[in-house]
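Next comes just one chain, in structure tokens: the form predicted alone.
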Amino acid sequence: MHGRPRKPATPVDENASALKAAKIRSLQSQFLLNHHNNIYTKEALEINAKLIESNPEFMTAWNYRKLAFEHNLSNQSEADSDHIKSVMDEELQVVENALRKNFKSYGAWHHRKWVISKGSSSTERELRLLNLFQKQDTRNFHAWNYRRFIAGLKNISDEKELQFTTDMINDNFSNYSAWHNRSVLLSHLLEKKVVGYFPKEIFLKEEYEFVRNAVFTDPDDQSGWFYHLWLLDQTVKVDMPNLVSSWPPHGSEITKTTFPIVLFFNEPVEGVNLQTVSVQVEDAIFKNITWSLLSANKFKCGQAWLTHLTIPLGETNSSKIFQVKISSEYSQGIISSNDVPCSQHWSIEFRVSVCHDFQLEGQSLRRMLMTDENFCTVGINSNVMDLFKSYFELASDYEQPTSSKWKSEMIASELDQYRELLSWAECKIGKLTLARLLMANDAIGTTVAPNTSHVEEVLKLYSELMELDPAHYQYYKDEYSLAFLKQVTSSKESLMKYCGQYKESTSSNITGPMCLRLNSLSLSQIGSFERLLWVQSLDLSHNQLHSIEGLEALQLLSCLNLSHNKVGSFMALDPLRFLKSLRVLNISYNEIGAHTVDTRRYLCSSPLSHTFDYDKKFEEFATGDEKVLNCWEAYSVFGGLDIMQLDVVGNAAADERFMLFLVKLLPGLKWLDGEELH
């Protein structure tokens, strides 16, 4: 464990292990017999105590003691405080014996918390016991977690506990648990707005200096670096949620009468609804609008929110321009996962041009191709330039300048310190911290487009880290990809370099005239979606993508090329479920079906859970066909889409049976793996 080589067992060790196992099996058989028959006698509890002392991780044995505790107290005719205290003391003694055997036993610590929470026990004694435990193992996170529990029961102030944490770190700064406890306590003080800790810039400067002493003393010890990462997160964290992007963008003009509206916030939020956001067409407020969350975190919050708007048509042979306004009617009702309200009012205005003298329906569909010969350079006078103007020249500053000033100064100071450190210490985590500081410095205080003045240095640092630390190669690769995409999307000039215009001979009415071509860039992760809401055609082929998380925000996407990546399952394509405009999809030459065990599939509910909208239809669709039943993952992704062209060749899952399944599932499919269907 933790890189320590195992020593081969000697015959003496093997004999001792065999005797111990026989003893545990005997105790376990007796215990289970008592448990199944609800026997809670003194003798049964003694057998249980011996079993727990031999194996403190046996959770069923701990749960039995809870049942016995409740049973024996409930059978008392009168409440005897001395008897209750005696029973509790016995339980606490069993826990102590177990902790002597294994100080990191989850079951033992959980049981102790359960007993103490019943009352009638001395929390002062618990604190003294904790002090003894923490002298033996200063970094044991179970003890620190239990200490927070006891401090809460005793109403010990966070400031006093913070001082205890400081003393423990001064004794040994290589104490991960003490640093973590410090972050928990400071979060509490900040949340309660305690004088001296709020606003956060008051204590952050001192904390940066405090952790710097540890980091500069031993740069190879990672405990202080992790705490520095938490401080950096507190520094760059936005003060309140705000809208950072939308589709349609402010000042734009679109020509469709039915279209999606996407609101993209700087952090996950909840509360986007009719009461908080109004949609106005001309002078009429639309009341039949329903906002939905595209992708939720564990707090049921998300950055991207979606609704659809249909402009009411008047005379059949007329043209008209409608003014649409979307504004925060009650912005404070939009709340972040940290319960911080959006207190800044925002408004988006755009035009919808309705023209009745054109028809696109009924045009024949040609097979869409994304090879180099199908594209030409985007003209400088292209309509897309007006769209880019909306994104890059009409953006607003969403953070108060006064807030950005202290953040910029603090991060600039940290940059100077860690550049100096790296001048004399070859330190992997130091390089990682420098890269994070540089990205944070660019992210703070920007007004229009993202600042990318340090991205080249960041990319160089991550490239060096991929060579220096191959064990964490994938993490560095992901961070490299995200930084690179920030650079690509930072300005209209940089973004235009990756845009291709379909030649007239290959253009189609199912997508726009332009494709964002991010192919063959060795990307392992995608991001910067707030700058890509306009994309209708996207080429991500010949990269190293394992997932497309976040792509659901691109609601205009009608053509997507994911060929020659490392997608390992249909569940990794789950965001496609939300892309109802998708017509052309290429997922050929990935790794779908190649992995015998793919743990990512368990992130998705099975058809039996009825989590997805199409599960009941799937049962009808399958009609008892076992071969089809095994395709429920693909059904959950593709079941609600109207795909016309699909490429899946080159995946282990793409056998003849699966092809027949796709043809049955997608009645509108016209092209499959390059072959036209009849």
Partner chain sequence: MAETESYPPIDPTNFDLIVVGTGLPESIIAAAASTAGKSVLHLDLNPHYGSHYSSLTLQDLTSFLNAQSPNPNINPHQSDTDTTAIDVITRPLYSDIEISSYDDSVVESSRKFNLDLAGPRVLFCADLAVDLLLKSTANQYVEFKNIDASYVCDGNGNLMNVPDSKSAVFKDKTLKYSEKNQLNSLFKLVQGHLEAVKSVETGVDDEKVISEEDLDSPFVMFLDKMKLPPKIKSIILYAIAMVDYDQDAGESCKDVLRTRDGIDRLALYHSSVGRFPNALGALIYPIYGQGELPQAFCRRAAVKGCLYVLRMPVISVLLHKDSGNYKGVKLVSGQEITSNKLVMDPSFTVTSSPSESPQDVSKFFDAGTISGKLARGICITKSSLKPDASSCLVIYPPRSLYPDQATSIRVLQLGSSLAVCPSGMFVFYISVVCDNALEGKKSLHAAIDSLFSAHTSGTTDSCSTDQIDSTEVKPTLLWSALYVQDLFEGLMGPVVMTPTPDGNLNYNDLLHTTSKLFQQLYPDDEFFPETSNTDSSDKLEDDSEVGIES
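Predicted model, so just to flag it, every value in this text is computed and none were measured. Numbering follows the first chain given and starts at 1.
If you look for the form predicted in complex with its partner chain, you will not find it shown, but the lines that follow are about it.
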Contact stretch among 165-173, 346-354, 533-541, 191-199 - heavy atom within 4.5 Å of its partner chain in the model of the complex: 165-173
Do heavy atoms from each of 492, 668 and 676 fall within 4.5 Å of its partner chain in the model of the complex? no
Any of the heavy atoms of residue 212 lying within 4.5 Å of its partner chain in the model of the complex? yes
Residue 499 versus its partner chain, in the model of the complex: is there a non-hydrogen atom within 4.5 Å? no
Does residue 473 reach its partner chain in the model of the complex, with heavy atoms at most 4.5 Å apart? no
Is residue 219 one of the residues lying within 4.5 Å of its partner chain in the model of the complex, judged by heavy atom distances? yes
Answer option from 282, 339, 456, 96, heavy atom within 4.5 Å of its partner chain in the model of the complex: 96
Among the candidates 278, 581, 252, 417, the residue which, in the model of the complex, approaches its partner chain to within 4.5 Å (heavy atoms): 417
